[in-house]
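Single chain ahead, by itself, as structure tokens, in the form predicted alone.
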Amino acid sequence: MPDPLAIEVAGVTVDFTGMRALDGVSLAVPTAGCFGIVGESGSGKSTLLRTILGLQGPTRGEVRIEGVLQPHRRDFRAQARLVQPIFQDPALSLSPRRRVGQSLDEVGEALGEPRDALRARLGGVFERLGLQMPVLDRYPHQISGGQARRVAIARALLFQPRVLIADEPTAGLDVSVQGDLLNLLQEIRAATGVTLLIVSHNLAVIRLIADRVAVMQGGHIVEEGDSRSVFDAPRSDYTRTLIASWPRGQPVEATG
């Protein structure tokens, strides 16, 4: 029996007062790949992300993650190990009033895992992410933006999720740091088999890391396909316009 899709969005519409943010969106994200969603501000990317995560209920339609209907809150531990977000702003994952180590210890509390066992796993995660253990004693404002983003990734990985959803993962980072971070996400996917969903307005990021791409405009998906086909031979007028307007002066580059 084939594996279920990692994410299945079926006919999702989201209405807010006076506006329709998503209009009948359907999407199928294969297991263990990297799927990119790209579009300009206001295209519906963020609303779709929130709906997939169960933070926003659809007006119509449904979302399933590995066959589990969302939002699914009856078993918090199972849900936490099913899907984890990496938010654009690490502050959404890390309390500014708590040391980094305290924020990460909350994962163990949520999973019912002893602190010593969690810290033992954390050592391996930090090594993979290129973080040093003294970071645990610092507050988020005492570390760099790149370190904060890596700590947020560490927090998500400690849950050992099947699906990672990253919202603008390279926003606000220097170009060299962006490339390092994208390499890191690719390495994590290869090592763990996690499914990665990347949401970004940055075409360079999506082209570099995604196997498949969906292009959004005005709450609709106007084009979807494998990354090379979408970028090299786009079918939609909007996609062609988006690519033509893409500033190529400082592309994101992976190293190695």
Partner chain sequence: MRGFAGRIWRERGGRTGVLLVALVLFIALILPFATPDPNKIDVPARFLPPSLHHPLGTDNLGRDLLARVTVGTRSALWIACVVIALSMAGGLALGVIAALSGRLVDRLVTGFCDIVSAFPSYILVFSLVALYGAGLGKLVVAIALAFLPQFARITRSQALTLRHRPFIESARLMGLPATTIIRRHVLPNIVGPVIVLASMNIPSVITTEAAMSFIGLGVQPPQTSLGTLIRDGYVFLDQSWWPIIGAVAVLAIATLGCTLLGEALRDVVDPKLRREP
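Positions refer to the first chain, counted from 1. Bear in mind the structure is a predicted one, so any value in this text is a computation, not a measurement. Here, rigid core means the biggest group of C-alpha atoms that superpose within 1.5 Å across both forms.
Below: the form predicted in complex with its partner chain, not depicted.
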**Item:** Candidate from 221, 194, 29, 53 lying within 4.5 Å of its partner chain in the predicted bound form - any heavy atom
**Value:** 53
**Asked** Which residue among 128, 77, 138, 115 has a heavy atom within 4.5 angstroms of its partner chain in the predicted bound form?
**Response** 77
**Message:** Is residue 142 near its partner chain? Define near as a heavy atom within 4.5 Å, in the predicted bound form.
**Reply:** no
**Exercise: residue 121 in contact with its partner chain in the predicted bound form, heavy atom 4.5 Å** = no
**Request:** Please check if residue 134 has a heavy atom lying within 4.5 Å of any heavy atom of its partner chain in the predicted bound form.
**Result:** no
**Item:** residue 148: touches its partner chain in the predicted bound form, heavy atom cutoff 4.5 angstroms
**Value:** no
**Request:** Just give me the residues of 76-107, first to last, that have a heavy atom within 4.5 Å of its partner chain in the predicted bound form.
**Result:** 76, 77, 79, 80, 84, 85, 87, 92, 93, 94, 95, 96, 97, 98, 103, 106, 107
**Item:** Residue shift check between the shown form and the other one, rigid core fit, residue 93 Cα at least 2 Å
**Value:** yes
**Message:** How about residue 72 - superposed on the rigid core, does its CA move between the shown form and the other one by 2 Å or more?
**Reply:** yes
**Request:** Pin down for me whether the residue 11-residue 72 Cα distance shrinks or grows in the predicted bound form relative to this form (closer or farther, change of 3 Å or more).
**Result:** closer
**Complete:** Checked in the predicted bound form: CA of residue 220 to CA of residue 72 differs by 3 Å or more, atoms lying closer
